[in-house]
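Given next are two forms of a protein chain, the same chain in both, each as structure tokens and marked structure 1 or structure 2.
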Structure 1
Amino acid sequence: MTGAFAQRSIQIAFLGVVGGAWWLLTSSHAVSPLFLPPPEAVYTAVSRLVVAAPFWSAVGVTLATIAKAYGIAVVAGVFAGWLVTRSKFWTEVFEPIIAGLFTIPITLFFPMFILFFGIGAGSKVAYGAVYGFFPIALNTIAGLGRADERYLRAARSMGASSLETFRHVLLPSAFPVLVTGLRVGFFICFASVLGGEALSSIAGVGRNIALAAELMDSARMYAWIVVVICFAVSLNFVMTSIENRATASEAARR
């Protein structure tokens, strides 16, 4: 009990030290406000940012891009994973190819997406979808490969169709691994869309962060960063707890 309390206090103290250092460094003018604007300036910038219409249009563009990219990544990733695991042989052939490609930073290929799809939202959709595809496909392969051979044989001998086998044997056993893939895939999709927008784009959140930096409008840039980080961290928290619940319910069923 006291241990948990001490740990919590250390964590809160850490955040306090970071915030305090931020305030001290800026109020004593030790760092240029160009690099690190004072907290109150960032606060003002955030409150000014979120009430303005351009903010919501940029957020709308980015969220729509992420939704499209993620949708494509999920459908293609799960389908490819399912297709490859139809036979053990093809799993062994394709899994190293997909895993090997995923160790190469796919950002390298970003200029090709710009070449093919232009600097509009299309290139970011394609880039996010390709980046998100890999963890989803790999986890689908890992998840579907996890099914107990005895259950598969039992289902087959009881005359289950391939759809029924999928529904009652493959999907339940793959579920926890699949959910991890979907979560990881989402955050990779999210980060790559933002990164793509910062690299080369005409609209969206990533573009606005880069634009604020180019204009040396630091308070505004920090305001954008704060908004994105709060969004990502809380979303990560929610998705991790959903995932933990899925894993726990599976463990309970076994």
Structure 2
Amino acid sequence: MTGAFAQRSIQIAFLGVVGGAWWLLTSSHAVSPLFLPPPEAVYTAVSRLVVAAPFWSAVGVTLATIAKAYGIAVVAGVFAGWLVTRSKFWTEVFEPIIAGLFTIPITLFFPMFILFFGIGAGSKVAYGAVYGFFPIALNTIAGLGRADERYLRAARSMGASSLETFRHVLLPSAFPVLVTGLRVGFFICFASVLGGEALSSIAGVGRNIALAAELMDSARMYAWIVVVICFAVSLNFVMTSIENRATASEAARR
């Protein structure tokens, strides 16, 4: 309890320092409002933003795009990881390849996604799915590879099918590592979709951020960014809690 309280206190203090520094910089006119608008201007912009219909339309487009991209990444990543770990030989062959591909900045290939899928949501779905695939696949491989061989032999000796072995042995063993991969993959997917919308899109939250920057409406641009940060922090809190529970459950099981 004390450790958790200390962590929350430090986090709140950090936010206070950031907010205080922001207020001091803007109130002292050390930074032009064009680059850093006052906190009260951003608050006003957020208040106006969230009651406007275009805001919810943009949020809906972005959330739908993220959901599609993440769904594809999860299915493809888990399935690919499961296939690779069916053989130790294939694990040794493909795991370094997938890890090596993950180090390549996929942003370099974003124009290709635009070329193939257009500037609509399709290119952002494909872009986010490809980027989110790698951490999910790598963590699936790592998680399934840590299953105790004794449990696998016992399951096979009792006549368990491949699906039953996966469900009752492999998945429980891999779950904590898999959840970490799902969390990392989600936020990579989240950032990829927003980045793709900011670079080239006709709708969405990222497009609105880029549009506000083009119009030099810094208060509105920061308002969009604040909304994204609040959403991302809330999601991170939820997914971290799920990950911690999965880890605690695995530790208790062992």
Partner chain sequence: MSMIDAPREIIMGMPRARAVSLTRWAIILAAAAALEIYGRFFADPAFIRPVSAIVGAWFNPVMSDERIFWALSMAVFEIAVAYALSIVFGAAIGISIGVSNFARASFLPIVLLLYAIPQVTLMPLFILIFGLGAAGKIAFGFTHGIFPIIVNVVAGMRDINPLHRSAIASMGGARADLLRHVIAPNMAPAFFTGLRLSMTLTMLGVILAELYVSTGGIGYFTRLYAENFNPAPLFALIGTLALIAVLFNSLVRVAERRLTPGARAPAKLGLSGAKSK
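What you are looking at is a predicted structure, and each value in this text was computed from that prediction instead of being measured. Numbering for residues begins at 1 and runs along the sequence of structure 1. Think of the rigid core as the biggest set of C-alphas that the two forms share within 1.5 Å after superposition.
Assignment of forms: the chain in structure 1 is the form predicted in complex with its partner chain, the chain in structure 2 is not. Core superposition gives F14 a CA displacement of 3.9 Å between the two structures.
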